[in-house]
Ligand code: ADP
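Here's a solo chain for you in C-alpha cells, the form predicted on its own.
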Amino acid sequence: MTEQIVLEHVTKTFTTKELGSVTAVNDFNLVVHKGECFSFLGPSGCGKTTTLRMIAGFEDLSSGSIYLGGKLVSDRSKNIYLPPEKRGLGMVFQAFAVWPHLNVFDNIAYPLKVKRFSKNDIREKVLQAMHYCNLDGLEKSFPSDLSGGQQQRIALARAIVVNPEAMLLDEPLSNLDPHLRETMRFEIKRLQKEFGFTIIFVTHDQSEAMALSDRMLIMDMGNIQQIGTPAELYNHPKNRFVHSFLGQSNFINVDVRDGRVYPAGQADVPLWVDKLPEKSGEQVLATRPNTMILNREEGFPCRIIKRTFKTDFVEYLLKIGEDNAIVQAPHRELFKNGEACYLKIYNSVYYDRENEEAAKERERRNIV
C-alpha cells in the first residue's frame, strides 16, 4: 500500500498561563495509506485536533517530521514548513466555515479563484462538485437559505473541488441532528469511493469513527493508546482507557487469589468468570454489558437493583461487591426488580487499577 501521510516523532508543546508548559502531542508516529479512511478518536484535550492542524499546516511542529505523498512538508530541525495552501489538502471543519455573503457557487469556487483557474474551468469544476454533493440548482442560493445539512455539503464541495489527495475532517458532523449525521456519513464514504482520496477524520464520537473508519487510533493526553481496525480496538482493547472509550463498559474492582476472582468488598464468594488473569492481587475486571449473562441456576449470586426496558434489550443494574454493573439481556426472559439471580461473566479482561491522577490530568487538558 502507498504511504500517503506519514508522521515521524511529531511533538507539539504549548505554553499557557493556566497550565504552563503542556505537551499536547507526544512523539506521534503514524502512517496513513492512500485511499484509507483513518479516524482520530479521543476526549477533548487529547491532542487530536492539534495533530490535524499540524498535518494541515496551521500549526508548526515543536519537533518531528510530516510527509505528504512522500514529500517532506514540516520539519523544524531542517527549517522546512510548507504553507497550508500548497499542501494539496481538502479541509472541512466543525463550524462549516461557509461565507454568508457569498452564494453557493462562489463559496465553492473560492479555492479555485485563489489558484487563478480560468472562468470556464471554475464553472465546470464547481458544477461537478455541486452535483456530487447533491447541490444541483442551488448555485445562486445563500447559506442562510439552506439547512445545516446543505451547508455542510457546501463545505464538502469546496473541499473536493480542488481534487485533493487527502481530506482532513475535524468534527464535521457534530453540529447536525442525529438523522443528518447518519446521512452525511454515507455521503462522505460515497465521495471517498468516487474520488479515491484519503481521509483523516477527527471525532470524539465513537459510533462515527466505527462507522467510517478502515483503521483508527485512540488518543489520550497527547499519546497514542492503540491503532487498529474498529473491530480490533473494540474486541481487543490494550488498556482500560481504550476499553472505556469504545462502547459501554463495566469495570469491577477485584482481588485475585488462590486461582479465583473475588469482587472487592465481598471476599467470601468468587465471581463466575470465563477467564482468569495471569497474576494475583488487586486488579480491575473489564467486560461489556452484553457479555454478562443472567440466569436462575448457577453463577455468582446477585440481585436486580433496577430494570430498564430499551428498544433492543432490557438493562439491569446490579451490585457486585463495591461496584455497580450494567447487564444487557434479551426481552425473552425477564427478571423483576429485587429478584435474586445468578451472573456469568464472559469476555473478561483484566487491567491494573487506574491512577487517579490520570483522570485529573485529562480534566486539566480540556482547555488545550
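On a predicted model such as this, the values are computed, not experimentally measured, just so you know. So that there is no doubt, residue numbering starts at 1 and follows the sequence shown.
Omitted from view is the form predicted together with this ligand, to which the following refers.
Note on the partner interface in the predicted complex: the residue among Ser63, Asn29, Asn337, Ser44 having a heavy atom within 4.5 angstroms of this ligand is Ser44. Of the stretches 320-328, 47-55, 300-308, 63-71, only 47-55 has residues with a heavy atom within 4.5 Å of this ligand in the predicted complex. Among heavy atoms of Phe14, some come within 4.5 Å of this ligand in the predicted complex. In the predicted complex, Ala24 approaches this ligand with a heavy atom inside 4.5 Å.
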